[in-house]
Every structure is written in structure tokens, then in C-alpha cells.
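Take a look at this single chain, the form predicted on its own, given in C-alpha cells.
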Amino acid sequence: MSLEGSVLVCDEVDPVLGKILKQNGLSVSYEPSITPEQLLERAAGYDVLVVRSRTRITADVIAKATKCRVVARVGVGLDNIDKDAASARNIRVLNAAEGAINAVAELVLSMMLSLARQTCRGDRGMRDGKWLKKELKGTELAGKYLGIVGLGNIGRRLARMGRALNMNIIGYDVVDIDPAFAKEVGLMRADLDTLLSSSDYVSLHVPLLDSTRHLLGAQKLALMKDTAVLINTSRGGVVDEDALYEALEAGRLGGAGLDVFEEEPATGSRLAGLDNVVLTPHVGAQTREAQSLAANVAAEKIVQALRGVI
């Protein structure tokens, strides 16, 4: 049965989303450059609002969106959507967390390998006409301890990848961990302090909440080995960047890989001046495969929500 309703897509998404929605009878307006002011003016005309990370669905937007039944994010988190305001209006809030699982885990792995072998520093040297062979003695991942903070979908995928590289897996989560998964990867469960002090690599996979903001500040960073590497592909506010910079600059931490930052775009970050960091501009889910899958998942969830299936 064909659906009736209109959808406003506020950010750039894979075309498969619009294709699926139109196949189910919905009209789709694609406005990937819509401004906050334009969104406020036009929100009243749509049954569904679709965003990625650029557009914020604030309480003011929710108040204007008098027809809205669903807000969907083609991505993992929901921190750019006022969930309380939506709930008060009985608006369903959906995401497509499934889309980014493999892409983010692979980015973490690439950062670990880059820092272990100093490939970014070697590349910069070559471009500057420098042959840094003697300075770039790296390390191997095999046998190292990988600490994963947050064992959701991405954390579990990373654990399997790390185990395939003969790494030892340490895990911390506030919820119970599936015993079958723990056995599969040889997981050693630990509290956060023990994980930080024991791991050679620490990767963060937690949402940004009041309880996780600056989860890793100066005190927690001080627990880590001075050779350890911190990777953050979750949310920027989970790490105190000032404390991280001080630890890296002083040699109290071996390195860091960041895909997310407290303020984005982070083009002026002083972390960029350090040799022992790898920085990327929030591209964890930015693969062709992940974008296509996330758009597909989001579209199917929208259709199911409008049909009352979920």
C-alpha cells in the first residue's frame, strides 16, 4: 500500500534514500544546503525530516514542524536532534547506526597502523624532501593490548579486527557484555582505570552524554602508559582536548588519532602541530559503502515507522 506524506532531506545523503521513499509513495524535497532559518520557515510543511550531522533539529524546529511524524538521522548519533522535544510531540526519532559499523572500525584500525608505523610523518617528510628512515622505527600491533571503551556494534567489530591481528582485547562498558562475544575475542573485561593503565591502544566508542563529557581528562590520561595511543572516533567532547594536547606535547602519551573534535570544523586545532597525532575531519562513516547502507537503512526505517511496523 502506497504511503502519503512529504519528506524534507536537510543534508547530503546517498540517492538510494530518495529512491526508496518515492517508491513507497512519499514526495521528497532534497535541500542539502538548507539554512537553520530556512528550516524554521519550511518545517511546518513536512511529515518527515531527514538529517545527517550538519543540520540541527532543535526544540524551535520541532515546535514549527506541526505535521512532523518522524525525524531520521542518516548516521549513528542523535546529539543534533532534541529528542525530548520530539518525544513531547510524539515524533519518532530514528537513526541508521548499522550503516557505519564497518567504516568506523576500519578507520580506527587505519589510525592505529598509521601511528604504529609513523606513516603520516614519513609521508610529510618525503614531500618535504626528507629521508627519515633512521627516525621512523615503528612498532607492530601483534601482541599489543587494545582497550575498547564501549562495546556496542562498532566496538565489537573493532575487537574482532584487533583479534584477527593477534592483539589482546580489553573491554569496558557500563552494560553487560555478551558472553559468547567475550569468548570469541578472548575479551578481558576491566574497569575504566584498569583498561587505561593496561592498554597500548585505547579506542573510544561511547555517545556524548553528561556522564561521558570529558570522560578522558587530565586525571584519566595520566593513567595511560607514556607509549600508549588514544583513538577517538565517537564524539569530540568525550576527550578534553586541552589535557590531551598537554599530555602529548609533554611526552606523557605516545600518540593520538582523532576523527572528532570538541568544536568542528577543527581547522585551527593546535593538535595539528604535533608529530605524534593523526587527524581526520569527521570521516568515520564517509565511505561509499557506509553512506549507501545508512541511507538504505534510514529509508526503510522511515517507511516502517509511517506504516506503524516499528
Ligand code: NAD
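Just so it is clear, the structure is predicted and the values come from calculations on it, not from any experiment. Note that the rigid core is defined as the largest set of C-alphas that superpose within 1.5 Å between two forms. Start at 1 with the first residue shown and count on from there.
The next section is about a form of this same protein that is not shown, the form predicted together with this ligand.
Between the options Gln118, Ser198, Thr212, Asn80, the residue in contact with this ligand in the predicted complex by a heavy atom within 4.5 angstroms is Thr212. The listed set His282, Arg42, Arg69, Arg52 contains one residue whose heavy atoms approach this ligand in the predicted complex to within 4.5 Å, identified as His282.
You can rule out all but one of 86-94, 125-133, 160-168, 147-155: in the predicted complex, only 147-155 has residues with a heavy atom within 4.5 Å of this ligand. Val175 belongs to the set of residues with a heavy atom inside 4.5 Å of this ligand in the predicted complex. Contact check for Ile231: no non-hydrogen atom falls within 4.5 Å of this ligand in the predicted complex.
The closest heavy atom approach of Val260 to this ligand in the predicted complex falls within 4.5 Å.
Val76 belongs to the set of residues with a heavy atom inside 4.5 Å of this ligand in the predicted complex. Here the marked residues Val7, Ile57 and Val61 all miss this ligand in the predicted complex; none has a heavy atom within 4.5 angstroms. In the predicted complex, the residues of 99-136 lying within 4.5 Å of this ligand by at least one heavy atom are, in order, Ala100, Val104. Superposition of the core reveals a Cα shift of 2 Å or more for Leu78 between this form and the one not shown.
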